[in-house]
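So this first bit is one chain, no partners, the form predicted alone, shown in structure tokens.
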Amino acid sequence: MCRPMADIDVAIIGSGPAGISAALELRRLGVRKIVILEREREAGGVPRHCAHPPYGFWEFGRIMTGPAYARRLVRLAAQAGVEIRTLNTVLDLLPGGVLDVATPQGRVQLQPRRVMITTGARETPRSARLISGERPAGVINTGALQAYIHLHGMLPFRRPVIVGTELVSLSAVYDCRAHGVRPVAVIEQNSRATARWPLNLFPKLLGIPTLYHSEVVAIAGMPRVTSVLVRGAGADQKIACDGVLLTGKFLPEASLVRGSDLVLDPAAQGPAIDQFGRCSDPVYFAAGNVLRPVETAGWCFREGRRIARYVADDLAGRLAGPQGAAEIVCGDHVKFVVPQRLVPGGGAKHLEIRVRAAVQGRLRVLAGTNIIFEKNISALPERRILVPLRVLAEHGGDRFKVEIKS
């Protein structure tokens, strides 16, 4: 392995909306040498194999498909002079911003002045969902389905069961029906769909039954799926199908963080950050869905651009230091908060909150035993709640707790 190369101002890990928007903003602010490291053969992130709208409205003032959106991002990066190195896999995040990278030419180390982690999110696989049974072909997630259809022109099944009712699940229904695949059922373990009304009516309008209070507990068939066992509120039922599409239940793609010295937030399951997107090692910053599961491409684009401004300020010596950070923790009914630390000196406008399950009650922020912010809310999982960070900054203190009293 060669010695660390230090001629890079900012290295960005991941070429999705957050990573490319960050690179564009850094170039606009005059940062000279920016390199995006992308492990896949093509840049653009998840949108490049999501061949459906709506992408790009807030960024570019028009509605685009995912591939068109990804191509435009990559084209803008090239026009701005951003170097994108594909087939470059970051193996390790070392202290002080040293990156261990596998390249087509061999293994190297890079030592940029700053690093941005924008590795996005991934869906929960079968192994983590604890679904028993045989191990046939035809059990995939939405990302794999989109890659099969839009990158390889293949159909992995004809009559699958779809697990989940998030927005990505409806995207999967759309992709299936647009290519002649006829799902036999949508399975949801909760009493209601995760996606907002009226979007959750989409499967019903297509004649696809949605089974609530149900879950797939076993998969049968060899060499391909032939049926699933579904456990519902009443009794188990066997559903004939030729595939299982596991959608949603996103997790941050934070394996690099888990293997490093960076602090991982156990609630959001991404790197713990302050309001500037700065990680526990101040050379590292993070933006996009690596911070939480899961936001839209447009949200990640805007967040990448915002965090890039802080990175540019840090390079110029204008950013407030990491000292004196106050901790922000989760209380009753709160699944996670982002950021998890607040340092003096401005920064992001809002604290982002998600809940564990549907809840109605009084959202409160406490400093010690003092309530410094409260409001009535009715909240659902996967819907963001925003609290002004200035409320916390104006009060001061070394620890804040966010809770909902139902």
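In this text, residue numbers run from 1 along the sequence as written. These numbers come from a predicted model, not from an experiment.
This protein has a second form, the form predicted in complex with a small molecule, left out of what is shown; the following refers to that one.
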Taking heavy atoms and a 4.5 Å cut-off, does Glu40 contact the small molecule in the model of the complex? yes
Since only the chain is shown here, I'm wondering whether Gly138 would be in contact with the small molecule in the model of the complex (any heavy atom pair within 4.5 Å). no
Report yes if any heavy atom of Gly221 sits within 4.5 Å of a heavy atom of the small molecule in the model of the complex; otherwise report no. no
Heavy atom to heavy atom, is Pro47 within 4.5 Å of the small molecule in the model of the complex? yes
Could you tell me which stretch in 191-199, 323-331, 120-128, 263-271 has residues with non-hydrogen atoms within 4.5 Å of the small molecule in the model of the complex? 120-128
In the model of the complex, the one of Gln111, Thr210, Thr296, Ser227 near the small molecule [non-hydrogen atom within 4.5 angstroms]: Thr296
